[in-house]
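Only one chain is included here, represented as structure tokens and corresponding to the form predicted alone.
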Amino acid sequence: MKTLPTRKLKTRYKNLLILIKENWFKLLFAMGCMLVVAAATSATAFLVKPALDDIFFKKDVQMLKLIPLVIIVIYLLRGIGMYTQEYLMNYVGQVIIMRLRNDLYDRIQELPIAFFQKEKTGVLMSRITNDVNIIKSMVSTTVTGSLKDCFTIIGLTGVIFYRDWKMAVFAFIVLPIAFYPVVEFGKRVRRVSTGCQEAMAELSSFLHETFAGNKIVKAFGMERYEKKRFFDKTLALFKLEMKAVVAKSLPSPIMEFLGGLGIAFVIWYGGYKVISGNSTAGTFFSFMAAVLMLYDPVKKLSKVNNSIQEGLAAANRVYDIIETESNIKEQDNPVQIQPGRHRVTFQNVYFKYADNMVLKKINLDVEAGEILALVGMSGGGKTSLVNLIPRFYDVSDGQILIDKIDIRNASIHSLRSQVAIVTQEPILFNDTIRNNIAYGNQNASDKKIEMAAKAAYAYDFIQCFPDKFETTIGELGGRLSGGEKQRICIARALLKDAPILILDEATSSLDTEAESLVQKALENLMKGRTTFVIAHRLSTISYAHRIIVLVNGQIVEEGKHDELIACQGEYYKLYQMQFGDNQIGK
């Protein structure tokens, strides 16, 4: 659990306060309502004296008529004030939480691919849902409670000192002592709360993985193993939650006891003054009612402090993400890459993940409309190389040019609008087929969507669904076969109509029949586009204008199929491994 510098913490809390202050008018009105509630509460204690002295002891009929009417008005105002301040403070809280959620999601979407490789999906989901909800509780409920209780304490204190200032001084002696456990245990609550939130995030991540991979869990008979892992995580969370319960629960009974000492003294001292004739019963009971009413909001402040500490711990976790800087920077005045056919050039490119150099001295010139195939053993750097083109990562050294423009000087949006990608794992969303195809071109007409589906050989199977293009395909396209998913992805790339195309093993996970259809769709997709094709199956790259062989992040061979076979180098070895000697040269 990392400790943040005090200056950074102050900045974060200041940002939270700025969000709160943006709704200053509603806050001001809500505070006015809180003052009404506090004044009504204090007036209730104040009226105890005239009620007892004038009605019960002096038997004043006029006061008997007046005081009940006053009490009705007081409680009516108190009820209106309570509802209005509750509504306004919750409104402000919800607005702030909406802003925080939006800022958090906005930042996550802006962060590079490298960030998502380090962070767990479940943990990020927990930040947006669980952590932000804890902040909501702090802002909307806790702030409301603390302000209302503070105003009530001030009002009741005024009544107490007005009735008997000497007795009030003695009653207040215990308050500084009572606040010590609130402050001390509050620090512990924040520490434990951070641990609870981290454990909850880990649990969310675990659930996401095991639910998504449920087929593998069942196929390998690992249900018992995964149950044990889950039970271990819930046990760890239980222990942390119980530590939080101890830290939150102790201040209240301590304050209860100290409050009891103060009340006991008030009864002894006040009773002595009434018996000796130095005070009236009405004054004493009015004072006593105010003291009893006073200790309740003071005790509540300890619980409020616990909620604030939990909220601040959650705010730190949220701001950890919001303050994360992307290492993919855009120039202040970036160059706009114009639509059209593009030439892609790698000049002396090096690239590393952390300290591991995965690409070395890559020099490559791909003409507009050329199809370039990248082959080599797994881990050779093929995917890393193509991921540099849309700036999913930045080169460690050298440069990548599109039509002589260094892509680091180009607008990221204009760069990525020129690139379409079809990956080995089809990425689809739980939406309609129409919306999945139109994902990169949402203004496309129905006719263009249908043309893209036909070119991707997807139209016929789409027509077999009762709702056709309006069919919802389920999470990750669960209602479709592997070949159908891939053809939807190809239709999406066709509709985007980007001049640079990246095919990252787009047919490697398909059976022969599905691969044949997908291959035809890919041929339609590649027409006229500068294409980078990653393939393990060498039979699928016969159409490539040029082939490069990557070994340990370096280009070791380059040429056409026949030329590379004739060299009997790395490509020859790969081909021999897949087809054997009898297929070479065919």
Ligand SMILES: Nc1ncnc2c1ncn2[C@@H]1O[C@H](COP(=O)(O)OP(=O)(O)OP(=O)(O)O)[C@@H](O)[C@H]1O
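Heads up: residue numbers just count along the shown sequence, starting at 1. Since this is a predicted model, take the numbers as computed values, not measurements.
Not on display, but discussed next: the form predicted in complex with the ligand.
A.B. asks: Does the trio 384, 393 and 424 actually contact the ligand in the predicted bound form, every residue with a heavy atom within 4.5 Å?
C.D. replies: Affirmative, all three are within 4.5 Å.
A.B. asks: Are any of the heavy atoms in residue 358 no more than 4.5 Å from a heavy atom of the ligand in the predicted bound form?
C.D. replies: Yes, contact at 4.5 Å.
A.B. asks: I'd like to know if residue 380 sits close to the ligand in the predicted bound form, meaning any non-hydrogen atom pair within 4.5 angstroms.
C.D. replies: Yes.
A.B. asks: According to a 4.5 angstroms non-hydrogen atom cut-off, is residue 536 in contact with the ligand in the predicted bound form?
C.D. replies: Residue 536 belongs to the contact set for the ligand.
A.B. asks: Find out whether any non-hydrogen atom of residue 276 is located within 4.5 angstroms of the ligand in the predicted bound form, and reply yes or no.
C.D. replies: Close contact is absent here: in the predicted bound form, residue 276 is far from the ligand, nothing within 4.5 Å, heavy atoms only.
A.B. asks: Have a look at 370-378, 336-344, 322-330, 441-449 and name the one stretch with heavy atoms inside 4.5 Å of the ligand in the predicted bound form.
C.D. replies: Result for this chain: 370-378.
A.B. asks: Considering the ligand in the predicted bound form, which of 461, 105, 91, 353 comes within 4.5 Å of it through any heavy atom?
C.D. replies: It is 353.
A.B. asks: Hey, which residues along 91-128 are within 4.5 angstroms of the ligand in the predicted bound form, non-hydrogen atoms only?
C.D. replies: Stretch hits: a single one, 117.
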